[in-house]
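In the form predicted on its own, a lone chain appears below as structure tokens.
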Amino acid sequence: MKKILAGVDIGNSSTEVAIASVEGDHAEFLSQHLVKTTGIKGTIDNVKGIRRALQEAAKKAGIELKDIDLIRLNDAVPVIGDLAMDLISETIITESSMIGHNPDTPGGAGLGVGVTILINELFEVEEKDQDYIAVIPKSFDYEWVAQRLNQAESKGISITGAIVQKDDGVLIHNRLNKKIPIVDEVALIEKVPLLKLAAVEVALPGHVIRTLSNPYGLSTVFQLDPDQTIQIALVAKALVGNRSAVVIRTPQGEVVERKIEAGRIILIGTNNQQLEVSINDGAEAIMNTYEKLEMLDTLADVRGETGTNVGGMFNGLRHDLAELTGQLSNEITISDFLAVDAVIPTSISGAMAGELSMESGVALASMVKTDKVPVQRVASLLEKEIGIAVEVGGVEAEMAICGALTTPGTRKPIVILDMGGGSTDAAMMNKAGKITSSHLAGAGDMVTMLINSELALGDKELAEKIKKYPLGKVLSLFHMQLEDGTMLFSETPFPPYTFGKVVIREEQDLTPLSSKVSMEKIREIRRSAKRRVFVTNALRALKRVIPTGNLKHLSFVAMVGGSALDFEIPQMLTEELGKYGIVAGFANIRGTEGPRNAVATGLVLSSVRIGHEVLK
């Protein structure tokens, strides 16, 4: 007797459905569909998305929703995607002694050293043999300013640079008889200390400053002793890579790098083995401590030191999940986590032009272990709403193996790597059909978070696009430089708003980026984030499913999941796994679907125990 089955794979980012007609040990797949997951994976908010996916898949199959006899859901363990990033250090400037930013159009070029003075007080100076840096608030018009500076020069007053509040640097510079470096767009110009020794440096277009970003350059300009040079080195660090900068020497001014007590992580084993590690030690030390615990015991839970950033993060995570699942927060435990080093752009306390300092930090992704209540609640609610029998199928990684075995050219034994939005899973099936699997925190969502943070975008959707698509730079109406250096010529003109901009090359559209970061830097950050998360987690996951724990004992790995469709990740993993003699490639589920739909397909096939003898 024919039955119609639907497999539903609830993921962190997407929900996939596969519908098949099953008779005995024979299955014919009728359709599949993918929608964005509604709510956090494994919670009742998912029902809305599942219904929509089932309706669309039924429509594609030419059947009614009520014709489906059984729906099988994956055992969806919630992975909290609200990842935490903790600062390890912070730069603070007291007595505001630095301006270092990149206005689009600073004026002139070179280095000027002198005493700061307001433009309207220039003619009142008593020391004619002193060099001056003019400070120009926005109330002064650029033509009047240029005329004033020319008059001062003709009277023998030496002006060696200027600090301007408005975007007038080039306009002033073009009208000067004696050219000087001008830094403009300094928002908080009222914070600039007057009658203090200052240095202004502007580099030529396409170049970066050299003197003020060098601690020894600063010590030369300000005649500092070795102790003072050590202290001001942090100013130089914050100015690296800028086209223009101002440093003002104030006797009581100082720049300090403060270590933030981010807190300690306490790892608890099943046999009450406990290990502690400080967030300040960085991601490598944290993951090494985790590995040490795994050698002695199995991770049972992770806690953060009370009253610290990391303690707040883990407590907040438990609280959120307790609300979602209706459990008590002390019943929820963390079964896995991934820590990666991150660079976090942070506003410098005491800066005058909104400067950012790239501070070191740690990003954490956590997987929360709950009982089967959440997904059972999803199944019960779905069954009640649509009137069709719903059951919870097997573990995701095991279902993914059943689906992956429908790839032409595969057989047992097989190892798969399932890379999604919230978790990276690995599973191994031996010749006897026995499956071992691992389920680890950290995947596509964590990569998006790192890109969003390290490029200071403040826009998760934009970060997601940067992760998914390659870049280009529009050089003219008809040609674009691609990120690999090749030139693309277009028969139709590019949109005017993309001219001169770095763009995200989506399938049907170009999205310009307003950031001043170069295409090369964006590409480097994107690739680094993918390596830190996917390569690290792929190696962790595979080591856990091999009986010997030695990657060299593997010969072939099939990649499945949404992230296996990425334009870079499969190549990165193929390259990394190749070092261990492993052949890696992405699966082609049922010979038609590529790496997508493995779990949904596996949920259908595992219910009828037919291996991968599948009719397309």
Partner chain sequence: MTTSSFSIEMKLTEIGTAVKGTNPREVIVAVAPAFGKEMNKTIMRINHASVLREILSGIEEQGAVPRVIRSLRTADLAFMAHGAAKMSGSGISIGLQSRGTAVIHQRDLDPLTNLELFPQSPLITLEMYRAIGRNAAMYALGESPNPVPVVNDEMARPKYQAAAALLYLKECQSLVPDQKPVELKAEFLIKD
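Note that the structure is a prediction, hence the values are computed from the model and not measured. For clarity, a rigid core is taken as the largest C-alpha set superposing within 1.5 Å between two forms. Positions refer to the first chain, counted from 1.
There is also a form predicted in complex with the partner chain; it is not shown, and the following applies to it.
| query | If you check Glu323, Glu291, Asp459, Glu143 against the partner chain in the predicted complex, which one has a heavy atom within 4.5 Å? | reply | The residue from Glu323, Glu291, Asp459, Glu143 that makes the contact is Glu143.
| task | Let me know the one among Lys166, Arg377, Arg544, Lys465 whose heavy atoms come within 4.5 Å of the partner chain in the predicted complex, would you? | result | Going through each option in turn, the one that passes is Lys166.
| Hey, of 224-232, 417-425, 477-485, 338-346, which bit sits against the partner chain in the predicted complex at 4.5 Å between non-hydrogen atoms? | Looking at the other structure, the answer is 477-485.
| said: Please tell me whether any heavy atom belonging to Lys138 falls inside 4.5 Å of a heavy atom of the partner chain, as the geometry stands in the predicted complex. | reply: Lys138: yes, in contact with the partner chain in the predicted complex.
| query | Does Leu171 reach the partner chain in the predicted complex, with heavy atoms at most 4.5 Å apart? | reply | Yes, contact at 4.5 Å.
| query | Is Phe499 close enough to the partner chain in the predicted complex to count, meaning some heavy atom within 4.5 Å? | reply | Yes, Phe499 is a contact residue.
| query | How about Glu190: is it within 4.5 Å of the partner chain in the predicted complex, going by heavy atoms? | reply | No - in the predicted complex, heavy atoms of Glu190 and the partner chain never come within 4.5 Å of each other.
| query | For the stretch 450-475, which residues lie within 4.5 Å of the partner chain in the predicted complex by non-hydrogen atom distance? | reply | Heavy-atom contacts to the partner chain in the predicted complex: only Lys473.
| request: Could you tell me whether the Cα atom of Gln151 shifts by at least 2 Å between this form and the one not shown after core superposition? | output: The answer is no; the displacement is under 2 Å.
| message | Given a core-based superposition, decide whether the C-alpha of Thr289 shifts by 2 Å or more between this form and the one not shown. | response | No, its C-alpha moves less than 2 Å.
| message | Superposing on the rigid core, is the Cα displacement of Arg544 between this form and the one not shown 2 Å or more? | response | It does not, since the Arg544 C-alpha is displaced less than 2 Å between this form and the one not shown after the core fit.
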